[in-house]
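Take a look at this single chain in structure tokens; it is the form predicted on its own.
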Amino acid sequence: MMSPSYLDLRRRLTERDRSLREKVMSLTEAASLVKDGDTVGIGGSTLSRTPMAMIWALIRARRKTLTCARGITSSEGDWLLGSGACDRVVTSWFSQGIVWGISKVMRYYVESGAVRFDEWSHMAMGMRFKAGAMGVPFLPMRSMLGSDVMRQRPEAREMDCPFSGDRLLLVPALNPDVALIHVQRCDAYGNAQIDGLQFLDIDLAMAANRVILTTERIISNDQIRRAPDQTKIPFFAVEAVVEVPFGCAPHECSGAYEPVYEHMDYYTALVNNNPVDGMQEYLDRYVYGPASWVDYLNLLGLNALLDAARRGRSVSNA
């Protein structure tokens, strides 16, 4: 299948409202911006700055047939597959984390043929988002050449460099319909500041047609302007801003809180024992059961969250 013309993509971008306007809304309102069948880019990496609250809201909104793309996928991918929200995953790695090993939920759904799994190298995922951000249909690289990963990806093309004659691999741009990105702080317009590792998020934000930001806190535009060099995602790329404290839990948010490890131990034991029934039990209790994100956090427990916050602050101040 041919990729969409970049002239068409550029036209759609120019038609967007890029005015400086307030974009604050609720999780439910932001979830309505994602449609069934959309390609959804997910920010962060593994357990780091995962937009869990937004994913929680999408599952509760009963979204279906989503294609979800992330550099390195963790338990949020389990949620999306187990709930039926996602039927195609584009990633370079899928695991709850090194401690817990490869996701058995992913293995069940992929090996049964229920979902499609597109595996790329780590470099390829970054280059695909970067090409999308640059507005070019592909970028060349050497990663994956000669590997079995390349043999699984017929979308990639080999060519001889017209300047050096070296063999190169061309990877197609990845332009999600929407990106979900969690940040430590942003203003009401969507100017976002990110502490710690940025991962692929800046390219993801510029590659996506629209961006939904969840944030630990909304700050004033005056505060943003005092440190303009810290603004990593500009307002004109953002469609929605949702203030969600502990919006990555049980994952971590750099400088704010560490992962809730006891909960992750409980979760992985449950789903690894039974990837179908265990996953459904977890979703019923923690995703469909709570009436709000605050109720979800209450299930994780105040003591656990305070401990994660204490550990997160100690890391940032070390």
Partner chain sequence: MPSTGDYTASELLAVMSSRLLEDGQIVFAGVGIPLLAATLAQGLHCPSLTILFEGGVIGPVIEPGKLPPSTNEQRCTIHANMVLGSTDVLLLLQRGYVDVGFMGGAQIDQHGNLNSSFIGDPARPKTRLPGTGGGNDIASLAQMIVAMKHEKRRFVENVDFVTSPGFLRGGNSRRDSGLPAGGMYRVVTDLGIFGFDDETKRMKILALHAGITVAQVQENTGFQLAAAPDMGVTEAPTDRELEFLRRLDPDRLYTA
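Numbering follows the first chain given and starts at 1. Note that the structure is a prediction, hence the values are computed from the model and not measured.
One more form of this protein, predicted in complex with the partner chain, exists but is not displayed; see below.
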Check: Which one of these stretches, 30 to 38, 270 to 278, 43 to 51, 61 to 69, sits within 4.5 Å of the partner chain in the model of the complex when only heavy atoms are counted?
Finding: 43 to 51
Check: Looking in the model of the complex, is the partner chain within 4.5 Å of a heavy atom from each of 217, 290 and 298?
Finding: no
Note to self: At 4.5 Å between heavy atoms, is residue 246 in contact with the partner chain in the model of the complex?
What the structure shows: no
Item checked: Distance check, residue 87 to the partner chain in the model of the complex, heavy atom within 4.5 Å -> no
Notebook entry, point to check: Should residue 81 be counted as a contact of the partner chain in the model of the complex, where contact means heavy atoms within 4.5 Å?
Noted result: no
Note to self: Does any part of residue 14 reach within 4.5 Å of the partner chain in the model of the complex? Heavy atoms only, please.
What the structure shows: yes
Check: Can you tell me which residues in 228 to 245 come within 4.5 angstroms of the partner chain in the model of the complex, by heavy atoms?
Finding: 228, 229, 231, 232, 233, 234, 235, 236, 237
